[in-house]
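Only one chain is given next, in structure tokens, and it is the form predicted alone.
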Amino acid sequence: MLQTSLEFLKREFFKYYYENIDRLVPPEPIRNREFGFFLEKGKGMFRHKCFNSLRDFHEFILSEIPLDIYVSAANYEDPGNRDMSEKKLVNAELFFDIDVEPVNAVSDEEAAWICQKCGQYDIGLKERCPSCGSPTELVRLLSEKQLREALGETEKLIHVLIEDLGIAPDNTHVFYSGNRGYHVHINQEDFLNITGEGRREIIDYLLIQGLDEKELLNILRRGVSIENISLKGVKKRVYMRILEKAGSVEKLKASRRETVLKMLEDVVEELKVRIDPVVTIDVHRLMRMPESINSNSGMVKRRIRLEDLSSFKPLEEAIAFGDEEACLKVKIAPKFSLGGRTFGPFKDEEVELPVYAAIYIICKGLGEYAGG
């Protein structure tokens, strides 16, 4: 990233934080949280930072203008200690991260390719560079379809957390991450002290891990009712769903082995929630600060009420910047939609774009600021 682009980002980030500083409120108690920041692109995280008050935190943000802001899910007695074992963990919120990979089914104008070996690039889908034959790096920007898939997984997660694990809706906080997915924070008191093995059990339940499919298949084929067997956790979850799909124990028992096996495979895929397990297990993990800018896209990590999840439009409602024009030199960018408008595709062009779209392209590493 050129220095002119970094200065442009910092200037626009400052405007956003200055105008929205009251929305930037860390989880309580702030004195017990560790903070981390990316202050420059390509540099490591500055972490083990702590603040005594919300005012101190806000003054730091407006002074340093970080590109990314993180806060610990954990509470510590000594959050500023650089030795993790000396921070003295008190407890930690459950934190879930759901990202969905870019969709494969896109048109030529919705993708671009770059050859890292010889430097060639163009709009379209090419697995190998036509100049040198090397594998290419494909560029696919965020799409509504991709984010709908991530939202579907998020809704699945929320259903399990509330219906199966007994977490209250009021303690379930959902956020669009500002880029490829969603975050779910759980701050229910009886879950705050779950560490290590307890978190792994929750992960196993969500990912349908530790399931003895052969054993469960035998139970299913015998048509044993749930009252006559002792099933718990993942096994019970899968069994109940298969029984629901079959209609009755009698119909299940009468089904062919291949049919039951296929039903078992389908149900496992249906129930599996595609979370990042490392994020949830690691109690020392820093989570992106709510209402802060995600420098991978220039959009905001935005809070979503549970009742608004199905209608939330991330590529419109998480926009951080205005629509005044900025000039950009775009190297390569496939067609993309943002802020209710469609842009591109672009190749080796100097274009005028709304600031929010210009920042998006810069954050994706596809162009540089040229004035405006």
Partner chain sequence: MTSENVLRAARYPFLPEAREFISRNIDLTLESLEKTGSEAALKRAVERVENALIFKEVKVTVLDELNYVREILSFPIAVILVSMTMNEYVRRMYALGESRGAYRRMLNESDETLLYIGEKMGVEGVLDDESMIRVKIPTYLKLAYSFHAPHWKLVNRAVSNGYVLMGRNEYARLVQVEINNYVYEKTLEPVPMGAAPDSFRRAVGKIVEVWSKLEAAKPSHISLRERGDTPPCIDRIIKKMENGENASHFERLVVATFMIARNRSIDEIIEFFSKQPDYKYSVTKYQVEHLAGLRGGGKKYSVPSCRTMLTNGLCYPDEYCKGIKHPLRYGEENAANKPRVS
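Numbering follows the first chain given and starts at 1. From a predicted model like this one, the values you see are computed outputs, not experimental measurements.
This protein has a second form, the form predicted in complex with the partner chain, left out of what is shown; the following refers to that one.
Taking the partner from elsewhere, residue 163 is found to have a heavy atom lying within 4.5 Å of the partner chain in the predicted complex. Within 4.5 Å of some heavy atom of the partner chain in the predicted complex lies at least one heavy atom of residue 285. Contact annotation: residue 45 falls within 4.5 Å of the partner chain in the predicted complex, judged by heavy atom distances. Contact check for residue 267: every heavy atom lies farther than 4.5 Å from the partner chain in the predicted complex.
Heavy atoms within 4.5 Å of the partner chain in the predicted complex are found in exactly one of 254-262, 163-171, 124-132, 109-117, that being 163-171. Between the options 139, 217, 194, 271, the residue in contact with the partner chain in the predicted complex by a heavy atom within 4.5 angstroms is 194. Checking 87, 302, 180, 183 against the partner chain in the predicted complex, a heavy atom within 4.5 Å turns up for just one residue: 183.
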